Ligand SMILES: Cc1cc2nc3c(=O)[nH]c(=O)nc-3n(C[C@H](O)[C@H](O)[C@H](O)COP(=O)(O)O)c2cc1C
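Before any questions on binding or motion, here is one chain by itself as structure tokens, the form predicted on its own.
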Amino acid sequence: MLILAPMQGLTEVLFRKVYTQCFPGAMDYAISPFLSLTHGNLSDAWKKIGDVLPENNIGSMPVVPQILGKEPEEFVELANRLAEVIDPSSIPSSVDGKLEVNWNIGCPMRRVAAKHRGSGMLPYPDEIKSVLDQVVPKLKGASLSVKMRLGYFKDTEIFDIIPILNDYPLHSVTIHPRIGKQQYSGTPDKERFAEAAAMLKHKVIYNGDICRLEDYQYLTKRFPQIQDFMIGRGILYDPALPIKIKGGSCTEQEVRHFVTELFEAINRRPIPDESRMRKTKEYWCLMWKSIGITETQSKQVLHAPTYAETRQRIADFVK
């Protein structure tokens, strides 16, 4: 299966809906951007819970909710509430009628990691074990999956965590083969991934730098035992990538139509123009190459001083 990676501020429901409507069936399902349990308070998570609610995802690809946090009681409460409102039969990854809920211990953002959240937990296996001990037995109607990196400071930290993960009935483990300190620089360490995958008893999902068809083809040959792959930035660099992976074809005009629809959806959001412009440019700086324009033309959009001018310049280039 092809899984859309969680990218905060990018792969939210607006993107997922437009993508699904333009390219139905290209992605099998998505992991949502994280719902945060900051400081043990559920209020931040509630603010974002609309992103995964079924009534807001009509016409979108199925979405598995992801939680960021290390507060067991709040984690259990949120996961169980999600299992009550999301029908697991709507999620292709569901097993035994249970909703998959993903635990984020891979986020590399410094402000997150500094609080022993996301990949910042990876140097502390005892903390991971403590959370799992208190969460897994109390989940009702949900099964827990984990998304992680090789470590935060060192790429060997994962080897102290794998024996812990193997002690729990987890749904799956997704590994991005970088360390948290790298952010997204450098090259994914495929050798370390191979070592880790061989030690895990759970289904393993590969995530990291699948940006071209050739990347996917290499990985499937290198890891024939891996059946599921998670795509993040690659779908923004080339929205047609999942279609190519599944053996289909997609014209540049179809990609341009998707880009246009995405920006129109942003324009319809009830937010200030400044926020619309920021969101539009955030996507644009990742997607401009996919529509066959020059870097000079791309910069004209990024340097537009107002939202109206941003929209006009995009309209001039995306026809």
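From 1 onward, residues are counted along the sequence shown. Just so it is clear, the structure is predicted and the values come from calculations on it, not from any experiment.
We do not show the form predicted in complex with the named molecule, though everything after this point is about it.
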For the chain shown here without its partner, which stretch in 242-250, 203-211, 157-165, 89-97 has non-hydrogen atoms within 4.5 angstroms of the named molecule in the model of the complex? 203-211
Is every one of Val64, His171 and Gln227 within 4.5 Å of the named molecule in the model of the complex, counting heavy atoms? no
Does Arg233 make contact with the named molecule in the model of the complex, using a 4.5 Å heavy atom cut-off? yes
So in the model of the complex, does any heavy atom of Gln312 sit within 4.5 Å of the named molecule? no
Is there a heavy atom of Pro33 no more than 4.5 Å from a heavy atom of the named molecule in the model of the complex? yes
Hey, in the model of the complex, does Met7 get a heavy atom within 4.5 angstroms of the named molecule? yes
In the model of the complex, which of the listed residues (Tyr218, Phe153, Tyr124, Tyr184) lies with a heavy atom within 4.5 Å of the named molecule? Tyr184
Stretch 118-135: residues contacting the named molecule in the model of the complex, 4.5 Å heavy atom cut-off: none
